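Below sits a lone chain in C-alpha cells, taken as the form predicted on its own.
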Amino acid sequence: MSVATNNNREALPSVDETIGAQADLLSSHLQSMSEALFPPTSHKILRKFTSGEAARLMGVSDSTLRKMTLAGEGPQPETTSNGRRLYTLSEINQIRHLLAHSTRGRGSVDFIPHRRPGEHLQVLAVTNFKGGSGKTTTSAHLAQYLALQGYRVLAVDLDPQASLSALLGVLPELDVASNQTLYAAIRYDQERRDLSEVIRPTYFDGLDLVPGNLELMEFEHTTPKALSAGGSGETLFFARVAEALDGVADNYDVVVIDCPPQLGFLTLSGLCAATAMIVTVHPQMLDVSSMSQFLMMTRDLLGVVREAGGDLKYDFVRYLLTRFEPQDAPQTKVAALLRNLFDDHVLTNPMVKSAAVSDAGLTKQTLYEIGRENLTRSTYDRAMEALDAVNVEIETLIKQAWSRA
C-alpha cells in the first residue's frame, strides 16, 4: 500500500510544475484578452473631449472656444454631424499656450501651471505595503488628472507587478524588454543607462511613463551585494532613484511614483527621492493594523537612512481613505478614528468605492479616459466628483509647497 501511494505521488507533477503551468495558462488568457481589446497593431488612444469639457479643463467659457474656432485661432476641432466640437488633449494644451499669451486669456486663470524658477520638482510617492489599498488606481488617476490640468507629469512604475504600466497602455510582459525599466537607471553595473533613455510618452499628452516589470526585483538582489562590496564612489542605494530623477527634472513639474507593496530597497529608494508621500488606506481595522506596522517599519528604516546621510525633506505626508463606503458604519468609525488621531494629515476627501472605477478597470481604463457616455451617468458623475475632489486637494498641496496662492 505504501509503495503504491509513493508511486502515485511520484506520478503527480511537482508544485513548481503545477504553478508554472497555471501561470502560463493565465498569462496566455490575459494576453488573448488584451489583444482582443487592444490588438498588437494598435495603441491606446485617449478619447476626444467635448467643447464643454475642454472649456472646463482650461477654465474658460465654451463661447470663448467657439469664438477662437470662428476666428481660426489655434487648432481647429473636429466637428461631428450634429455640430459638436471635439478636442484632443494635445489641442487643448496648444490652446492653453495661445490663451496664456493673448488678450483673451488675461485674467486670474493659470493656463500653463508649469514649475516656475525656484520651485522644486514635486515627487509624490504613493505607498502602503498592503495589497488592495488602491495605490495603483490612485497613482494612475492622479497622474492623469495633473496632465489634464496642463502639468508635465512623469509616472514611475516602481512595482514589479507593473499594474500602473498596464493601465497606461504598456503591457509589462510584451512591451517592456530587458533594461527598459527604472532598474536600468539605478543598477550597479556597466549596463546602467540614463533615465531619459527608458522614459516613454503615453497616449495622454503631457504624461510620460517609466514602465515596470519583474526586472525591478533585481535591485532587491543586487543591492545587498553592492553594500557588502562597499564600492567607493558608488551612490548608496537610497539615493539612486533621486539621482536618476535629477537627470530629467527640468522636463517635468510632478513625478508620481507607484511604490511596491513592501518595504524593500526599491521602496526605500523611492521614498528617499520623494518630496511628499500619499499613504493609501482602506478604512477597515485589519488594513489600519497593517498600516500601523508599515509606519513603524518606515520610521525605523528611514531613521537608518537619515543616519547614513540621507536627506529626507517632505513637503507633506497625507493619508488617503480608499474604496470608502459612506454608508458602511464600521468604515465610518475607522475613518473617524484616523481623523481623530492624524487630524489634517488625513485628506478631507476620500476615494469613494464606485462601480464606475471597477467597470473602467475591466478594460484597463481609468475614469478620466472611459467617458461619461460609456457608463450609467449618475454613477459616473458621483465617481468623478469624488475623484476630482481628491486630486484637487492633492494639487492644492503641491501649489502650497511651491508657495503659490
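Numbers follow the displayed sequence, beginning with 1. Remember, it's a predicted structure, so these values are computed and weren't measured experimentally.
The form predicted in complex with a small molecule is left out here; the points below concern that form.
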* Want to guess which of 373-381, 53-61, 349-357, 332-340 is within 4.5 Å of the small molecule in the predicted bound form, heavy atoms only? -> 349-357
* To do: Answer with one of T267, Q144, T136, T202: the residue that has a non-hydrogen atom within 4.5 Å of the small molecule in the predicted bound form.
  => T136
* To do: Answer with one of G303, G247, G132, P224: the residue that has a non-hydrogen atom within 4.5 Å of the small molecule in the predicted bound form.
  => G132
* **Candidate spot D159, P261 and R323, all three touching the small molecule in the predicted bound form (heavy atom, 4.5 Å)** => yes
